[in-house]
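Shown below, as structure tokens, is a lone chain in the form predicted alone; questions about how it binds or moves come after it.
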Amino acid sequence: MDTDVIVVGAGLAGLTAARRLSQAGRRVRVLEARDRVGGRTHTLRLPVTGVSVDVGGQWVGPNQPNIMALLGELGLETFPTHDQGQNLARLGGRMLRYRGLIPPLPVPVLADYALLERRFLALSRTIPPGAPWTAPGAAELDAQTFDTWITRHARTAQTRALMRLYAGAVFSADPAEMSLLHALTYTAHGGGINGHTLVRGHALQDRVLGGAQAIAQRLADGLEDVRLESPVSRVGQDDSGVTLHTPQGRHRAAHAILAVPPALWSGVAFEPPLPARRAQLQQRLPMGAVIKFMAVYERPFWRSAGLSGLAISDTGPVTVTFDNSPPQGTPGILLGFIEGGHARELMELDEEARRKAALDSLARLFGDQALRPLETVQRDWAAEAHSGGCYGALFGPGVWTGYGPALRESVGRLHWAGAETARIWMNYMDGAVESGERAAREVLDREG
């Protein structure tokens, strides 16, 4: 054996698993296809202002115990997301200022939204963590799309628009791309709608000083054998161990933890072949579509206008924004998310055309000052070969009930990790850490 355990993927899931196994006295080798660690976290230093920004995952919150514990263990600090001031909503051509979660819409719309939210959250509470296919009425919930349910139960166009904005912001997808059961599962085990979308006390409260990729770098620094630019093309296993093949050669171990998005395994040969349900699951889990765009200004000019920087818009292509400035407040950075169908449309354009479209969106929200940034940065995650999209995998109708049990079920000496396999906070950094902890325990339990 070259090592005791091979971990494929140097994102938070894989590196967490590797750390726990190493702490338990196991020899671990990490194989990563990219030329960096971090997976779907990536921190860049911009050339003009020299500021560091996260073009991948960036937020953590006090309601996410796994990532918060790991940050403490690694000695990393956080700082709060700026949310002081009024939010903006551009809905149906009208601009509204507000505080909190819901814009000041007409009373019939607010009543309609409140009723829809209560129905949605009541259904979500029936979903067992980690096993949504066992929920009461799971087959019916999984047979319809989230959009079908919204259309059937929302009485006003504004309520439908708000729920579709929620889908884009949280899933980086249109609600027609996922089953209702998936939307309920994701929402329930992430603190409800508020847990996913509010700042203070919730998932968007804090950012990591130095950037979120620092988490992966600290984890990797504590390991002895992390190999970059080592994409796995073939995975074999027999009664005594596993053999993984990369361009650099073969790697032999007793167990392997596979910690990359499920869809990417469809391009890897398995000997013997994976069980049919696992193989078919991988074919049915496309990734979300998102372009993360940031515009950097000399100062956060929106703050002097009494604005928080948080905005929503049903126009697009930017549909959600945040103040992404560093803790000292300058330079000012507006972060805009382009998601789902809007992202797919802009993927067809060149970088300059995407830049213009995004800045025009920001100007409709924050005025013409938004058109004059010092610099911009954008990341189209669908163009990332070793991610295939972001934030995570989408479960369409029939996938949870038809294939869900195969998501985490080990195959011989192969064990699955990654944010998609998390029982709670699926597709978040917290979920990635939880999945890595679980996979490491599986290996140790298997060894006895």
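Quick note: we count residues from 1 along the sequence shown, nothing fancier. Because the structure is predicted, anything quoted here is derived from the model rather than measured.
Absent from the display: the form predicted in complex with a further copy of the same chain. The rest refers to it.
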In the predicted bound form, which of the listed residues (38, 56, 61, 389) lies with a heavy atom within 4.5 Å of a further copy of the same chain? 389
Of the residues 148, 369, 156, 378, which one places a heavy atom within 4.5 Å of a further copy of the same chain in the predicted bound form? 148
Within 4.5 Å of a further copy of the same chain in the predicted bound form, counting heavy atoms only, one of 83-91, 270-278, 359-367, 326-334 shows up; tell me which. 270-278
Given a further copy of the same chain in the predicted bound form, answer whether the residues 176, 266 and 383 all have a heavy atom inside 4.5 Å of it. yes
Does a further copy of the same chain come within 4.5 Å of any heavy atom of residue 99 in the predicted bound form? no
Give a yes or no for residue 416: in the predicted bound form, does one of its heavy atoms lie within 4.5 Å of a heavy atom belonging to a further copy of the same chain? no
is_contact(residue 286, a further copy of the same chain) in the predicted bound form, heavy atom dist at most 4.5 Å: yes
Please determine whether residue 143 contacts a further copy of the same chain in the predicted bound form, using a 4.5 Å cut-off between heavy atoms. yes
Using a 4.5 Å cut-off on heavy atoms, which residues of 331-364 contact a further copy of the same chain in the predicted bound form? 344, 345, 347, 348
